[in-house]
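In the form predicted alone, a lone chain appears below as C-alpha cells.
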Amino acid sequence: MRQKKIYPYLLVAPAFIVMTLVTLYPTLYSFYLSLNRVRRGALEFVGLKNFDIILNSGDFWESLKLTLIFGVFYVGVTLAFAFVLALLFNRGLRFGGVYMTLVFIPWVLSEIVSGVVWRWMFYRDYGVLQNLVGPLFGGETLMTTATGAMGIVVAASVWRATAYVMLLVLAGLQTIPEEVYEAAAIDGSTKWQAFWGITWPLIRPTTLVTVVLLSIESVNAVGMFLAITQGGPGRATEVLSLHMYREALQFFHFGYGSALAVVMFVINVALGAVYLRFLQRDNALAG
C-alpha cells in the first residue's frame, strides 16, 4: 500500500529534478550574484548596492520605458489580430486547414531566424518592405529612426506570436456550447449583443491568461531585438531584457546584470499576482 502511494511521486521525480536544476538553481544563483560584484576575477559582497545603482540609473528607467511601450503595442495589436482570426476560424472557413498552416508558419520559426528575415526586408537598398513602405515616410530608412526601429520589432513580434495567441482564443471559443447562441437568437439577440453578452464573458478568463502570458513575454523579449536592431539606433530599442543581456554578457557586469534579472523577476511575479487577483474576482462574481 505504501509503495502505491510513493510510486506516482517516483514517476514525477525525474521531471521535477530536471525542472529544479534548469529553473530554481539559476534563479537562486542570480539572487546571490545580485548581491555581489566581480572584481579581479573574484566575487565581492556589496549588499544592495547594485539595486541602488539601478534605481538611480537613467539607462534603467529609459529601458523600462521602452519595455512598457513595446509591451503595450505588442500585447494590444497581437490580441486584436488573434481575436479576429480566432472568430473567423471558429465560424468554419473553407480550406481552413490550409489557412491555419499558413498562419502557424511564423510561430514555427525561431525568433532569431524571424528577426534576421525582418531585418533583411528593411535594408535600405534592397529591403522589400523598406522599398514598399519607405515612400510613405518620405523615403526615410525606418531602421535608422527610433520610432521606425521599434515599430519594426513590434510588427515582427506580432507576426510571430499571433498564431499562438489565436490558438488560445480559439480553444476558448470552442468551449462555448452552440446551444447558448441558438437560445440567444430565439430571444431576438443580434450577433453584436451575443458577442458582448455571451462570447466575451465566457472568453474573458482565457483572454486574461493570454494577456498575462504576452505581458510576461514582452518583459523578457530579447531575441527579436538582438536579431533586428541590436538595441539601435543608438539605444532607442534597448529594452530592459536587452539592457540586462548587455550588462551581463557583453560588459561582464555580472552582479549588476543579475540585479537587473532580479528586477525583471519581480515584474513577472507582479504580473502573475495581478492575474491571480483578477481570476479570484471573476470566480467570486461567478459564484
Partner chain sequence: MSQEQAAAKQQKRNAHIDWQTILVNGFLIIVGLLFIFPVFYALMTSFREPGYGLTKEIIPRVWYFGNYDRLFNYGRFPRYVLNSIINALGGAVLTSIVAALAGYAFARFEFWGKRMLMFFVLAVMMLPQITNLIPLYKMASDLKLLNTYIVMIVILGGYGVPLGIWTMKGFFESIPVALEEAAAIDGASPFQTLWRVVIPISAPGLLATFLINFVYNWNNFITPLFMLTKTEMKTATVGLYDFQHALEGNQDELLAAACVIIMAPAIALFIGLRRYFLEGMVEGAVKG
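What you see is a predicted model; the values in this text were computed from it and never measured. Numbering follows the first chain given and starts at 1. Between two forms, the rigid core is the largest collection of C-alphas that superpose within 1.5 Å.
One more form of this protein, predicted together with the partner chain, exists but is not displayed; see below.
Checking Ile112, Ala80, Ala146, Val72 for any heavy atom within 4.5 Å of the partner chain in the predicted complex turns up a single hit: Ile112.
For the options Val133, Leu202, Val180, Leu88, the residue carrying a heavy atom within 4.5 angstroms of the partner chain in the predicted complex is Leu88. Proximity to the partner chain in the predicted complex, taken as heavy atoms within 4.5 Å, picks out 210-218 from the listed stretches 210-218, 194-202, 133-141, 146-154.
Taking the partner from elsewhere, every residue among Tyr29, Leu249 and Asn268 has a non-hydrogen atom within 4.5 angstroms of the partner chain in the predicted complex.
The shortest heavy atom separation between Leu173 and the partner chain in the predicted complex exceeds 4.5 Å.
Heavy atoms of Leu66 never reach within 4.5 Å of the partner chain in the predicted complex, leaving it off the interface. Within this chain, Ala184 is remote from the site of the partner chain in the predicted complex, having no heavy atom within 4.5 Å. Taking the partner from the other structure, the partner chain in the predicted complex has no heavy atom within 4.5 Å of any heavy atom of Phe51. Contacts between stretch 226-254 and the partner chain, counted in the predicted complex as any heavy atom lying within 4.5 Å, involve Leu226, Ala227, Gln230, Ser241, Met244, Tyr245, Ala248, Leu249, Phe252, Phe254, listed in sequence order. With the core superposed, Gly41 shows a C-alpha displacement of at least 2 Å between the shown form and the other one. Leu24 is not among the residues whose C-alpha shifts by 2 Å or more between the shown form and the other one once the rigid core is aligned; its shift stays under 2 Å. In a rigid-core overlay of the protein, Phe265 has its C-alpha displaced by under 2 Å between the shown form and the other one.
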